[in-house]
Ligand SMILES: Cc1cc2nc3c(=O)[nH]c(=O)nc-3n(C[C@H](O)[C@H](O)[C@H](O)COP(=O)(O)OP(=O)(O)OC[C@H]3O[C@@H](n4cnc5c(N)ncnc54)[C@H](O)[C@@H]3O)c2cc1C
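Below sits a lone chain in structure tokens, taken as the form predicted on its own.
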Amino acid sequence: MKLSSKNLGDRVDTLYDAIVVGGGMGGLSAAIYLARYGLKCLIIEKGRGRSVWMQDLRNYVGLDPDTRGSAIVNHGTKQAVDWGADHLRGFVEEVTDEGDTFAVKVKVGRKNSTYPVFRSKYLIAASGVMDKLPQLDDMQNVYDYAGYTLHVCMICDGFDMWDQKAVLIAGTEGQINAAFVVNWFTPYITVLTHGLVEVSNEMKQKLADHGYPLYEQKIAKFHGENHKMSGVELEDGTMIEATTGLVNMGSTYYNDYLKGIEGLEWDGENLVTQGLAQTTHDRIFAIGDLKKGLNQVSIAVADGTMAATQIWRNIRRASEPRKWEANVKQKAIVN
């Protein structure tokens, strides 16, 4: 069922088998499997996630290369709800471990917000990350190209940069090192720091040895049309020809709601998981970009399948088996 501020009362007293925090592709995969296992599941999705502004998904088996992330999310949400999952648009503010259950506090609505608390036996953290983009006065100019020809994932989109003139936009000196991986796809790389990095002489020499120009001025504007880049203009008026680019400025992790939970092992901002996407807390699972590992849609979808299946196994093993009661009674009579 689709939940909103108007019908929350129908579900506030429900004890869910699992709450999925995040309705991207990994979270939806988990919810679809949970629902088809006959378990009570609630998806809580804040909206405008990484999947939604993915303009095309070029490397997922069975989908056309120009399939939009938003189309997959919309379709997956409908699937999950049709099979029995609940779905709520809201922001998870806090999760409290109550022993056998989790209390999940949610902010619903930007104005006149309400803060319902839902409870579940298990929690699946699928809230993901958001890539940091260069901040310009006109951010719409960035959004016109981000996700189209200005990429954030080399593994996803390196092929689409093949032998093109590319810019690498880095937020730290360490992130400049991505240039020496991007060069598998194209050697025509110009490094931009957007005025954020004091580049060492050692790094400058390394870039020069590879023939990669370095510009440390701020970016003023991206040029092009119909979402296709043609170049980058810097604040001093310098124009850099580029038909593609990679933003490597790090990510914002949506994981604060887990920071108060004891028993979780972290590697930086990533949760450490064991088999089947289970964290070091036996009732919390982490999937997709929140867990340590490879950030790919295909991985997140598989993680969701594994997490949901392990939760089902745990619940099934702790439950009484279902019997064909009529036959059992008939046998007792005959005996």
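Each residue number is its position in the shown sequence, starting from 1. Owing to the predicted nature of the structure, the values given are computational and were not obtained by experimental measurement.
Only in words, not in the display: the form predicted in complex with the named molecule, which the text now covers.
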Review point. Which one, L271, C41, A308, A300, lies within 4.5 Å of the named molecule in the predicted bound form by heavy atoms?
Key: A300
Check your understanding: Which of V92, A242, I72, V182 has a heavy atom within 4.5 Å of the named molecule in the predicted bound form?
Key -> V92
Point to revise | in the predicted bound form, W266 touching the named molecule (heavy atom, 4.5 Å) | key: no
Review point. Would G49 show up as a contact with the named molecule in the predicted bound form if we use heavy atoms at 4.5 Å?
Key: yes
Practice item. Considering only heavy atoms, tell me if G76 and the named molecule come within 4.5 Å of each other in the predicted bound form. Key: no
Check your understanding: With the cut-off set at 4.5 Å between non-hydrogen atoms, does V152 touch the named molecule in the predicted bound form?
Key -> yes
Check your understanding: Out of the stretches listed (224-232, 205-213, 173-181, 122-130), which one is close to the named molecule in the predicted bound form, meaning heavy atoms within 4.5 Å?
Key -> 122-130
Check your understanding: Which residues, if any, of 217-256 lie within 4.5 Å of the named molecule in the predicted bound form when only heavy atoms count?
Key -> Y254
